[in-house]
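Have a look below at one chain only, the form predicted on its own, in structure tokens format.
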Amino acid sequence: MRIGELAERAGTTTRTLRYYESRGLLPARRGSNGYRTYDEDDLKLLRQIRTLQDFGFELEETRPFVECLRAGHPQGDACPASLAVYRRKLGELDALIDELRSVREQVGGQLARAERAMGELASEAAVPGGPEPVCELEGRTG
């Protein structure tokens, strides 16, 4: 198949395919007419790259999976180098999850503090002679 058909079937652009070719991820084969030619194996490579990128993998991180497919394995993650990339990615994701949990705890603490402060203001306002709640944004001009 030619580049336009491959791009359409893979759900990408010819420009992207040329970029992958320049990065060595997609083979650069030419027919006798000088046009790039591709086959179903190339479509499989592109689908593997796309899936991994959808999962947040950088383009270069897809290389071991592509090389595994090129080596004739039925799946791109059937090789030790691909498994190593999975392990690294899981480590990165675990670190991000830990960071997000920490941020969530901090935000939860800020919310609890703000709710306590708001409750204290409301109870003071209910006392005769207590302060009236004031919106700090009123009267300000942009």
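All residue numbers are counted from 1 along the displayed sequence. As the structure is a computational prediction, the values presented were derived from the model and not from experiment. In this text, the rigid core denotes the largest set of C-alpha atoms whose superposition between the two forms falls within 1.5 Å.
If you look for the form predicted in complex with another copy of the chain, you will not find it shown, but the lines that follow are about it.
In the model of the complex, none of the heavy atoms of residue 32 sits within 4.5 Å of a heavy atom of another copy of the chain. Taking non-hydrogen atoms only, residue 93 approaches another copy of the chain to within 4.5 angstroms in the model of the complex.
The closest non-hydrogen atom of residue 38 lies beyond 4.5 Å of another copy of the chain in the model of the complex. When contacts are judged by a 4.5 Å heavy atom cut-off, residue 115 counts as touching another copy of the chain in the model of the complex.
Contact annotation for the candidate site: 4, 20 and 71 all lie away from another copy of the chain in the model of the complex (no heavy atom within 4.5 Å). Contacts to another copy of the chain in the model of the complex (heavy atom within 4.5 Å) from stretch 98-116: 100, 101, 103, 104, 106, 107, 108, 110, 111, 113, 114, 115.
The Cα position of residue 90 differs by less than 2 Å between the shown form and the other one after fitting on the rigid core.
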